[in-house]
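Read the single chain below, which is given as structure tokens and is the form predicted on its own.
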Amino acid sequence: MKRTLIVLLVFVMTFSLVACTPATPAESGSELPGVGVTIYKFDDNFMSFVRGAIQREAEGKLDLTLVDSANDQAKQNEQVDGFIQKGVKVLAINLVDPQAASAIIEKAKVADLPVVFYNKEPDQSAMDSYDKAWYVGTRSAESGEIQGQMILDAWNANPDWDKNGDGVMQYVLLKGEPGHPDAEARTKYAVETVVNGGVQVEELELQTGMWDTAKGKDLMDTWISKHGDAIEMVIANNDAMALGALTSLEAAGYMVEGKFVPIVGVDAIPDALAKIEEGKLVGSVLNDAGNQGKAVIDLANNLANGKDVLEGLDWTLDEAKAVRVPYKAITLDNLDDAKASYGQ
């Protein structure tokens, strides 16, 4: 009887140890190297397309564990801990808060894991603190410069947009998340490019819509009530807010013959491309989700397989250890360029 109890006790203890040991990617049934991937929030319009590209590019190459950080940095930190415990080979992190990069890097250092940040760029000091940290994204100022040039060219080509004939562009601006490098740069350089091009401007309103369609609509509702026909240009840091502004203007009786208000966004997401095709949006700036997702996986795949980060790839790194995917102006004349980024 005593012998039987001892055998049972050993069996239970062994089972418990196995059950409590986190599975490595190989143990989870996949022979592919594991990569832990976060998205700062799944319901962000643009990031949903980056996520789709990441999943497509990883197929047959990597075993992804892809999670929604739900715009919660504390949650993302816990997710990174979970990736490390699981035994992934690489971390691919779309930060909730760029200021949290140092904390993520410290976790990666302890586990001796390479980390590829993307879309939200960490401070250079954080990147320099770890030789196994890289970034995939864009040059933030470029999107603002391209958007500003698009606004300038369209304004000069359509003198009737200056509704009060004062030679000044009265504009409202929907800003993204305060402190976000893209929001700050787009806000600064879009307007600066217009002014440097010789057009006088007057800012009627500038508030954050937090990249969100509903918030963009709510702000535009308020601004229409306050300024009405005095609004001569709507500048949006992204297409989600631009589409919210469009919905608001249409509900107020605009965007029909004789009551057009020009709107320019950034990202060139499919919903915005459809509105450009309809003549409802002037244009957008392609934030190439397809190639950003591809670059993330290209780098992660090399690193997960013990190769140099750029081995066999066409990407290049700048002095900030970053792969920069270029932006592109999108209007009715080159919609197909943007559609190709989404496989359309």
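Sequential numbering from 1, following the sequence displayed. Since we're looking at a predicted model, the values are computed, not measured.
Beyond the structure shown, there is the form predicted together with beta-D-galactopyranose (GAL), which is absent from this document and is the topic of what follows.
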| message | So, a 4.5 angstroms cut-off on heavy atom distances: do all three of Phe46, Asn119 and Arg186 pass it with respect to beta-D-galactopyranose (GAL) in the model of the complex? | response | yes
| query | Tyr40 near beta-D-galactopyranose (GAL) in the model of the complex, any heavy atom under 4.5 Å? | reply | yes
| message | I'd like to know whether Tyr171 contacts beta-D-galactopyranose (GAL) in the model of the complex, with contact meaning heavy atoms within 4.5 angstroms. | response | no
| request: Spell out, yes or no, whether the shortest heavy atom distance between Trp211 and beta-D-galactopyranose (GAL) in the model of the complex is within 4.5 Å. | output: yes
| message | With a cut-off of 4.5 Å between heavy atoms, is His180 one of the residues that contacts beta-D-galactopyranose (GAL) in the model of the complex? | response | yes
| Options 308 to 316, 46 to 54, 275 to 283, 65 to 73; stretch whose heavy atom lies within 4.5 Å of beta-D-galactopyranose (GAL) in the model of the complex | 46 to 54
| said: For the stretch 225 to 243, I need every residue with any heavy atom inside 4.5 Å of beta-D-galactopyranose (GAL) in the model of the complex, listed N to C. | reply: Asn238
